[in-house]
Structures are given as C-alpha cells and as structure tokens.
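Taking the form predicted alone, here's one chain by itself in structure tokens.
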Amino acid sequence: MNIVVAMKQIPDVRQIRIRNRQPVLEGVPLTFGSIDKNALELGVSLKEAQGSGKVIVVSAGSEELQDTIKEALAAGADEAYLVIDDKLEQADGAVIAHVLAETIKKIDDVDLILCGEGSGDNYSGQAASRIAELLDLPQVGYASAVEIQNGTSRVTRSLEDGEEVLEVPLPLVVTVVADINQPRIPSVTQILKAGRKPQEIWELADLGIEPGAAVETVSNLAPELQRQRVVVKSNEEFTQVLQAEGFTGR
C-alpha cells in the first residue's frame, strides 16, 4: 500500500525568541511540525506492519524545503514530492491544500493520506479537510490509533468525553493527534541515506495553479505579562499569597 504524509515546513518553535513582543525568526532553523512527525511515524509503522508499499511525503514551500525534507526521509519516508515556489511564501491554507491535493493526484495508487491535526505554527487544522474535499475522499479526524486490514481502516478517534472507533474503506484522509506515538530518532546510517532517496520537485506552473492573493500578517504580538513582584520571605508568606490569589485551598 502507498501512504502519503502531508508535512509543513515551519520555524523551529523551540528556538524562537521574543523581542519587543514580536517573534525573532532570523537565524531560526526550519523543521517539520511535531504533529506532522507523528503522522509520518504512523505511516512508517503501518507500512512495516503491512510488509510492503511506500511512505511518500508531500510538502510545499521555499527552497529550504530540499534540506528540511531530509528529516522525513531519514525518519522512514521512502520518497518525497515537493512543490517549491517563491509565490508560496505567503500563501494561505486554501492555496496550500490545493497544491497538495494536485500533487497527490500525480501519485499513482494512494491508499491512505495522513496529516497532523494542526500545523505547528498557526494550527488552523484546515488542510486535511480541504484536501479530502478536493480529492472527494472520506476523512476521519483526531485519530489516536489506526489499523489497516484487507483494504479497510479501523480508526480510533480521541474525543473530549471518550473514544470512537470507525471502520472506513480505503482510500481516505486521516488526521492524527500528538500522543498517537513517539516519533523514532533516525540512526546515522539513515541520515546518510536520506539524501539519496528519490525526490520529485515541481513549481506551481507544473501543477497549473495560480497562487492568488498573498496573506499579509498585520500584527503578531506576544501577550503582555504584568508581574506583581510580590516579595515573600518564608514558605508561610508564599502560601498566604497563593491563597489570597485563589490558587490553593484555604
């Protein structure tokens, strides 16, 4: 079976600093979102369980994507289809979903499309639903477990007040939650082999897509924090302050 994993390149959120309430992105390395890595780990695990097939990563972004994709290839993906175009830098979620859907159409015999429940930057959670609609496929969201048997998927959904188990025939689109698994750490050998795995690279013109109007970020400010600067000199005083603020029982 062929499993497609849609992944988004974002700045490493662990290395973003705030200055004057604004994020400082200069010098911050690019990586894939953490939940995207969970989706990739699921894809690799399902392929291993089936004993055949391929895990194919699709992504759209800037030229740096050619370096970032090595992360996914080292972590178990077999090949990658990339759309690299400067016009995608400020594209909105609808455009990216359109690009990914057209990219997936060029891949033969896709059985399962996996996405994270939300991206690691804006977390809009729209891409998977848009891709499913554009490809006319069923979608199951918030998956905490996925099993494949005889052309049918058994998906456990993590809901607010319990779990739901669905059986859906392939092909379909599935979004995964963050705690579905723990992504593997690639070995040195896997990292060295990643650069030799197949990559197909296109531009928007190759897909016949016009990017449309770019999204302009008017403001992106961190919240202001008001510190009370209360000085305490003992555990008893500290406890009294917490009780006064309603943080502990009396």
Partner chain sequence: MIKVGKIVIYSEKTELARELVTAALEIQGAERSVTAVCINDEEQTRDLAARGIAVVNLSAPGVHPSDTASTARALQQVVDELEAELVLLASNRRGKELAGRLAQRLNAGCLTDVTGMAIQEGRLACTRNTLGGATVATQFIKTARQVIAVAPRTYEPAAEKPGGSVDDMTVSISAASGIKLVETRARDKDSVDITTADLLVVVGQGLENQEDLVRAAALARFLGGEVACTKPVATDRKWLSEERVIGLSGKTCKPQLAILLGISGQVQFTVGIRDARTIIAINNDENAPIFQMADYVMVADLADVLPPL
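Every value quoted in this text rests on a predicted model; they were computed, and no experiment measured them. If you superpose the two forms and keep the largest set of C-alpha atoms that fall within 1.5 Å, you have the rigid core. Residue numbers count along the first chain shown, from 1.
What follows is about the form predicted together with its partner chain, which we do not show.
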Considering non-hydrogen atoms and a 4.5 Å limit, does its partner chain approach R157 in the predicted complex? yes
Would D111 sit within 4.5 Å of its partner chain in the predicted complex, counting heavy atoms only? no
Give a yes/no on whether A74 approaches its partner chain to within 4.5 Å in the predicted complex, heavy atoms considered. no
Its partner chain contact at V168 in the predicted complex, heavy atom, 4.5 Å: yes
Is it true that N122, E164 and Q228 each have at least one non-hydrogen atom within 4.5 Å of its partner chain in the predicted complex? yes
Of V140, V146, I84, I107, the one that lies within 4.5 Å of its partner chain in the predicted complex (heavy atoms): V140
Picking from I201, A205, A222, L192, the single residue whose non-hydrogen atoms come within 4.5 angstroms of its partner chain in the predicted complex is A222
Which among 64-72, 49-57, 178-186, 193-201 is in contact with its partner chain in the predicted complex, heavy atoms within 4.5 angstroms? 178-186
For V241, does the CA position differ by 2 Å or more between this form and the one not shown when the superposition is done on the rigid core? yes
